[in-house]
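Shown here is one chain on its own, the form predicted on its own, set out as structure tokens.
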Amino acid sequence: MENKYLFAQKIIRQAGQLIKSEMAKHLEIEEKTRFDDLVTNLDKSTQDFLIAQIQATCPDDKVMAEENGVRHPIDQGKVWVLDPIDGTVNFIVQGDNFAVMIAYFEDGIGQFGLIYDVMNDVLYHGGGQFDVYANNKRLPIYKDRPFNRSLIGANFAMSSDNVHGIRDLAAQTLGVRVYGGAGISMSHVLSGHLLGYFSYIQPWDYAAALVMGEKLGYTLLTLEGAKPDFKTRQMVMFVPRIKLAEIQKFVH
């Protein structure tokens, strides 16, 4: 497992360098389901790069990934979950606040996860048998603090529309921060900058944070309190386990 973990760190940084070297060039931008659900040629080429590296090094492993319908179930063998550019809108508009994400599962059990904040060159990595780090800084297990000394991250529409009581919870805290990408948002949870994160996302958006978060005292559940299905887009929360009952008084 150590070799795969080091390999994952290598290829995610290489993917980041690929993005940096190509992002100044002309981007081909396509709409997927609607005008704000976008994909670029660089999303696709970065995913192709990651898959090619995995297939060359681990030819028997399978892949679940965001683009091009690559959807091997995580509970069937050795499976890599890839999000080549998480926060594509930020990537297109800002050239910042996006991440590359990788998670690795064996028969449905998360072995490690990685979130690479490309432009800030910060790699969050660990989970399973590995401690969780931001680059070389080991991240601590969640330490309890009251709502009135915490911030939360959330999908803007879900918070403003008070979906499942998210705005009610936010009113107990110091406020909501909206970063426009699951990876960047959940890295702020892992680092202790946010109490939790609430959004409507796909498996490749949450897989890496789920694996790392379990090591640090966090849990990722649907807003109804169930485990995510790793098949469909769902409304989820990424929160400290010890705060779950308190959070569910508002988010229900």
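Everything quoted here is computed from the prediction, not taken from an experiment. Just count from 1 along the sequence shown to find any residue number.
The next section is about a form of this same protein that is not shown, the form predicted together with a further copy of the same chain.
This chain is drawn without a further copy of the same chain; in the model of the complex, the residue among Lys78, His72, His164, Arg177 with a heavy atom within 4.5 Å of it is Arg177.
Interface residue among Asp144, Asp121, Asp131, Asp96 relative to a further copy of the same chain in the model of the complex, by the heavy atom within 4.5 Å criterion: Asp96. With a 4.5 Å cutoff on heavy atoms, Asp36 counts as touching a further copy of the same chain in the model of the complex. Under a 4.5 angstroms non-hydrogen atom cutoff, a further copy of the same chain in the model of the complex lacks Leu139 among its neighbouring residues.
In the model of the complex, Gly217 stays away from a further copy of the same chain, with no heavy atom inside 4.5 Å. When a further copy of the same chain is considered in the model of the complex, Ile29 lines it closely, a heavy atom lying within 4.5 Å. Looking at 51-59, 189-197, 208-216, 64-72, the stretch with residues near a further copy of the same chain in the model of the complex, meaning non-hydrogen atoms within 4.5 angstroms, turns out to be 189-197. Residues Asn148, Arg149, Ser150, Leu151, Phe156, Ala157, Ser159, Ser160, Asp161, Arg167, Ala171, Gln172, Thr173, Leu174, Val176, Arg177, Val178 of 148-178 are found to place at least one heavy atom within 4.5 Å of a further copy of the same chain in the model of the complex.
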